[in-house]
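So this first bit is one chain, no partners, the form predicted on its own, shown in structure tokens.
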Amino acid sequence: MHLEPVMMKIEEVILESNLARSFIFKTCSERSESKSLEYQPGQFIMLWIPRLDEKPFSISYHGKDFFGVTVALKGRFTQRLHEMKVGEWVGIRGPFGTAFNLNVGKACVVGGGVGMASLAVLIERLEDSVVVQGARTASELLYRNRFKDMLLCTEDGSAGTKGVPTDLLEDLYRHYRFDAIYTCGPEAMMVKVSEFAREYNICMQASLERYIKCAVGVCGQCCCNGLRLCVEGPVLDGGTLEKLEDFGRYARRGNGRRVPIGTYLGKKT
């Protein structure tokens, strides 16, 4: 783990959708002391653009000598990152946070929007899984060529089934009888996944998004009912989520103000 930023060069930029790009880094470069990234699916890194800001991103690609993050265009920071090209440098800290537990049988992976970035390496490492992804429209779906057997849902019906991923859970469970559910995406979707898992007594893990600033549990900006999501999260199990009153309801902005989750997720990054 790197607690201070290590400067790394952008080696490749992948256009994933009309809103998202992936940035690939090699873990061995002339200015990096890192020889590998000790990472487990679900963890995140902090990416620093000098003289601008630092933001958290899930690792969406990972190999022996490379890793990558997938970034959706939202605001000033992500706009600048999207403008960056191969050969430019950024600072990387981490990885941080908790990881998914992969010791399960058959799994169902439920992703929504850019939340798929937190699930991508997990999908590659699971031995037996069914994957369903949802987005508002076909042009916002991620990794369609990477995971060719993935089931798709779009709110406007432009690809796959019209609707949201949770609409498919009943039928998928009848067919596959999976032992665990992994999810990341809009919190309203994850609440429904949590309710489904509780009803059918299925193990469930979710990756939550909150305002992460220090990433080491010092500042408390990412607290959710006392849990520091940069340290005790972002991956939480269903039993823990059930105890969090703020899950699906409230989050805190950078100034510490508690706001409805829909307002928080409307923030610009």
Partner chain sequence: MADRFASLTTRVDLSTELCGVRLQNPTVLASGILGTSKGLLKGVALAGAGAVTIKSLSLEPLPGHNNPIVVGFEAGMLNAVGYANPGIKEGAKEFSNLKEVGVPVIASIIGRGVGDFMKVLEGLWGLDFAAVEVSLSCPHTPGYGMLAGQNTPEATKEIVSVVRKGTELPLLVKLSPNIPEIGRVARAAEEAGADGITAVNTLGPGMLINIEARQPILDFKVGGVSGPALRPIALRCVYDIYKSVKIPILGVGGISTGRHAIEMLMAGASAVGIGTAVYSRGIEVFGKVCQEMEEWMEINGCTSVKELIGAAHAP
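Positions refer to the first chain, counted from 1. This one's a predicted model, so the numbers in the text were calculated from it and none came from an experiment.
The following text describes the form predicted in complex with the partner chain, which does not appear among the structures shown.
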| query | finding |
| --- | --- |
| Segment assignment from 202-210, 66-74, 53-61, 234-242: heavy atom within 4.5 Å of the partner chain in the predicted complex | 53-61 |
| Partner contact for Tyr39 in the predicted complex: the partner chain, 4.5 angstroms, heavy atom | no |
| Arg252: touches the partner chain in the predicted complex, heavy atom cutoff 4.5 angstroms | yes |
| Non-hydrogen atom contact Leu265 with the partner chain in the predicted complex at 4.5 angstroms | no |
| Non-hydrogen atom within 4.5 Å of the partner chain in the predicted complex for each of Glu4, Met46 and Arg228 | yes |
| Residues from 201-238 in contact with the partner chain (non-hydrogen atom within 4.5 Å) in the predicted complex | Ile212, Lys213, Cys214, Val216, Gly217, Val218, Cys219, Gly220, Gln221, Cys223, Asn225, Gly226, Leu227, Arg228 |
